[in-house]
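In structure tokens, the next block holds one chain alone, the form predicted alone.
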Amino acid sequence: MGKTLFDKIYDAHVVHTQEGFPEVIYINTHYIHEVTSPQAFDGLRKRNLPVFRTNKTRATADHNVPTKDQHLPIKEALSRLQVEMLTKNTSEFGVELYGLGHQYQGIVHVIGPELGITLPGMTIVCGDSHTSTHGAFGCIAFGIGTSEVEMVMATQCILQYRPKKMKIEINGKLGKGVTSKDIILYIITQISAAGANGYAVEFAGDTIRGLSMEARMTICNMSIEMGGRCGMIAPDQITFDYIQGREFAPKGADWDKALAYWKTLYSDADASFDKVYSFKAEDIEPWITYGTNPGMGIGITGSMPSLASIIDADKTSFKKSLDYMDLHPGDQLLGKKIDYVFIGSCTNSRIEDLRLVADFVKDKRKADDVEVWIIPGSKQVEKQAIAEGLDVIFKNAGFDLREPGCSACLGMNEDKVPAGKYCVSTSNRNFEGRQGPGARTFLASPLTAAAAAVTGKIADVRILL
């Protein structure tokens, strides 16, 4: 029987296996940032251990950094301490750091791919759940806890039980105004926020094969939001073209050797999956969440579920979620007034996302009572946006283009949505208080977010295109 893409990569990285115990898996690349690394470095220090392979470890500051005046000292004491500790620890242990002011600084899941560090066939970990982003390149990438961060630093290996395999196929042509963000929000709604628990998920089908690498990263990024251990897409010519020529990508004979291997990375025709889902691209419209987990979503023209349609076991949490959002069962979201728009995060902060928004808002202005933040995912994205004149378009539209960081995706820095305010966000989580204590979040695509910015309310972008 043939092998799945996951099994081909996983099997090539098994260092040791023993029945009844987790397997020892070698890790090709370990990304670290300021939030989940301090305790791990301290653990190494207490045991008098070095970072085993410093050339396989890359660090950046992203979660706690401000997105305005990054040349000045960080105002929030805890954020400043965490960033300072990352600088101290990486210097002491000899790990390369892309800190504030560095030309490569940015969100960890943006800089890895754009620099050519993330490559097909790799195993990749980071102390961050959205490490699944890198699976868009045909590699196994997943988030780990702080104790595991220390384990990988010390050994370049990790203990893992092999997950089950799931395939999700999407075929057909996407409609006007429908993006990869809508695809993944739609899928999560269909199978639920726990529908892929315990699975490595491979996304396939002609719709997926037609997507750019940046769009594929958005889909794999949110595979964790349906409980997946990781998300993957088989590499193809689109992948290879994206990688070639990037700063740390293989060159010359090394490129030819790597490419020959990468072309073997696909699920064989007779490979077996534990579960398979199939969806039609034509069934997907611009999608938006209404509740407090990413599985609580509807099409932009749809209505929220009625209380009667919710099974008894979920009724309490459903009502709690809508109470938090100050919404009512059965209502539509179209026309709902909003206060903030956040375009950024490791889900949608790449140059393609910014271009999409700029193209839509050119010669338009934001609604007077809406605050709009555009946060590039890296210094490289910021530099490219300015070179293309996107900064001028955003300024003319009344949008606030800031400096790179995780920003309002999570309340770990200065960019917080005030309590009770509604934010249409291109990030990945709409949990209670995720964007700040009491903040209310609608997850959507960059296009739907841009439509909300110029109308001041939740709108169907297809009518405005």
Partner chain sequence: MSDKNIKKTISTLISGVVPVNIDNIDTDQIIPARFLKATTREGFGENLFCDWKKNADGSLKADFPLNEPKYKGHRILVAGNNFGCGSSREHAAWSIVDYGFDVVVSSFFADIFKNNALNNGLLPVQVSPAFLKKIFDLVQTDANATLTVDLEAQSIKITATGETENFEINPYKKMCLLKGFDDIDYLLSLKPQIETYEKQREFNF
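Positions refer to the first chain, counted from 1. The structure displayed is predicted, hence computed values, not measured ones.
One more form of this protein should be noted, the form predicted together with its partner chain, which is absent from this view; the next part is about it.
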I'd like to check something about residue 66: if you look in the predicted bound form, is any of its heavy atoms closer than or equal to 4.5 Å to a heavy atom of its partner chain?
no
Though only this chain appears here, would residue 398 touch its partner chain in the predicted bound form if you measure heavy atom gaps against 4.5 Å?
no
Even though the partner isn't displayed, in the predicted bound form is residue 314 close enough to its partner chain, meaning a heavy atom within 4.5 Å?
yes
Is residue 277 near its partner chain? Define near as a heavy atom within 4.5 Å, in the predicted bound form.
no
Out of 96-104, 368-376, 137-145, 210-218, where are the residues with a heavy atom within 4.5 Å of its partner chain in the predicted bound form?
137-145
Sort through 127, 291, 113, 286 and report the residue having a heavy atom within 4.5 Å of its partner chain in the predicted bound form.
127
Here the chain is shown alone; which of 197, 301, 244, 190 has a heavy atom within 4.5 Å of its partner chain in the predicted bound form?
197
Given a 4.5 Å distance limit between heavy atoms, list every residue of 1-38 close to its partner chain in the predicted bound form, or none if there are none.
12, 13, 14, 15, 16, 18, 20, 21, 22, 24, 26, 28, 35, 36, 38
